[in-house]
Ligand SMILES: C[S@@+](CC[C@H](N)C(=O)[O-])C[C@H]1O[C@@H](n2cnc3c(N)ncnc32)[C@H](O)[C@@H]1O
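The chain below stands alone and is given as structure tokens, in the form predicted alone.
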């Protein structure tokens, strides 16, 4: 099933590099399956922060989840690609916009995801963003985060190196600023509800974790 989804989602992207990247990402990154498992029982709309080229939204559609998804990303190139592929795949109730989360978040009530972007924010910016996102989660909903965690592990060192390489290759527009620690998520998010933090590195060498806030 994963291979079929990877093939379908990669086909509309122009160029062999983009198609190879999308196919590999869907096949090997545990993120998409993990978010699907967290949201599979909900019909609430999703605000997807750090949406990139829209892969999470497209994956959730292929897995049968049809709630509205609004994706935001700082990189206009990726947002343009997400919009183009949305039309080619024929998905509905998906929208993508260029947006810098440092300037706040749009109005939203439902679920929220923050994927692989917190390291580009300063600690005060991270705290502000996490509180703004949590305030937009409807009771019974979730804030789902994927982030590399700051610790003493070799995985953390590999994570930093990977982000620096992404900036050097111009895949990412910015270099990492600060990686949050597990204690930061507990401190900031616990007043909003129940917080879970579990490893999400799968077969990768990165120190990625899934952080889930459940709002009661």
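Positions refer to the first chain, counted from 1. Source: prediction; values computed, not measured.
What comes next is about the form predicted in complex with this ligand, which does not appear here.
Of the residues 47, 189, 60, 31, just one reaches this ligand in the predicted bound form with a heavy atom at 4.5 Å or closer; this is 31.
Partner contact region in the predicted bound form: 48-56, out of 61-69, 176-184, 153-161, 48-56, criterion any non-hydrogen atom within 4.5 Å of this ligand. Contact check for residue 78: a non-hydrogen atom falls within 4.5 Å of this ligand in the predicted bound form. Of the heavy atoms in residue 115, some are within 4.5 Å of this ligand in the predicted bound form.
Within 4.5 Å of some heavy atom of this ligand in the predicted bound form lies at least one heavy atom of residue 102. Along 120-144, these residues reach a heavy atom to within 4.5 Å of this ligand in the predicted bound form: 120, 121.
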